[in-house]
Ligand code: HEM
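Encoded as structure tokens, the following chain is the form predicted alone, with no partner shown.
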Amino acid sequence: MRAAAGRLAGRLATVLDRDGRADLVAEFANPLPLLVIGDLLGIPEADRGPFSSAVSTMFAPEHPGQVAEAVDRIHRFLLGLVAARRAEPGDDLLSALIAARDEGDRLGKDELVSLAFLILMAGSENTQHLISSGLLTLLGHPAQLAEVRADPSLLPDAVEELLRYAHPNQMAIRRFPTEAVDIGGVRIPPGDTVLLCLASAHRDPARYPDPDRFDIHRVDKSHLALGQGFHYCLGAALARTEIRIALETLLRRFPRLALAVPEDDLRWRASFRSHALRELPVTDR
């Protein structure tokens, strides 16, 4: 999917070519993963606008009631898409999942829709946030930005450090112990909620030397941004590819790329679980 993602990133980047100024959250970072997921699931071009609008509303509602409305619209859309792909299969992941079900696999209709919804959620939100916060981090470290511009082979290492340093998720998904466990001298009884703080783990001085410093040359490139073990991210390779292509496209095409407002004026969407930019105004003039 690398070539297709590159074409999509190039197409979205034309907004800066045209205007010399853009909000890279709304006009680049947010739509790119949705377009890639659209290709993966076989969403028709004509339906991607309303679909993207519903997803954006779900992630950033103006009032709480909009979340339920957006989820309902997405659910009904995916039900229709499953029916359409059954009637006319394509070369896409959803068609492959439908074929597996019809050949006797255990995926029911609701499971297919639920899985498509999960792929949509997991394949868009964190990648969107990391593209924008990753670019902001690079712009805030001009010496390392210059190194990456001069030698694009450093970009994979930069992406790994960004996954550690600028990952949007503060917390991992809740865990529930099935039996009593002792952690750090504290006994956690069965059934209690356990929240793992990824942000703290990624800045742990016992693991990373000078953990609050962004360093694309960091030797220890391990992190928890994509999970571990059974819960390792199914789309890890795709996420890395999209982030790399997004940053590579912007840095290659816009050598004068800079923030259009002071960094202190940037607005963040902070919640219990994630910390993400609401907007990223940039200029190339």
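When you see a residue number, it is the position in the sequence shown, counting from 1. Remember, it's a predicted structure, so these values are computed and weren't measured experimentally.
Beyond what is shown, the protein has a form predicted in complex with protoporphyrin IX containing FE; the following relates to that form.
No member of the trio 12, 138 and 253 reaches protoporphyrin IX containing FE in the predicted bound form with any non-hydrogen atom inside 4.5 Å. At the 4.5 Å threshold, heavy atoms of residue 233 reach protoporphyrin IX containing FE in the predicted bound form. In the predicted bound form, protoporphyrin IX containing FE lies farther than 4.5 Å from every heavy atom of residue 132.
Shown alone here, residue 243 lies within 4.5 Å of protoporphyrin IX containing FE in the predicted bound form, counting heavy atoms only. For the chain shown alone, residue 154 is not a contact residue for protoporphyrin IX containing FE in the predicted bound form, no non-hydrogen atom being within 4.5 angstroms.
The chain is drawn here without protoporphyrin IX containing FE; in the predicted bound form, the stretch among 208-216, 170-178, 145-153, 80-88 whose residues come within 4.5 Å of it by any heavy atom is 170-178. Checking 60, 260, 226, 70 for any heavy atom within 4.5 Å of protoporphyrin IX containing FE in the predicted bound form turns up a single hit: 226.
This chain lacks the partner; the member of 194, 99, 183, 118 within 4.5 angstroms of protoporphyrin IX containing FE in the predicted bound form by a non-hydrogen atom is 118. Of all the residues from 119-140, those having a non-hydrogen atom no more than 4.5 Å from protoporphyrin IX containing FE in the predicted bound form are 119, 122, 123, 126, 127, 130.
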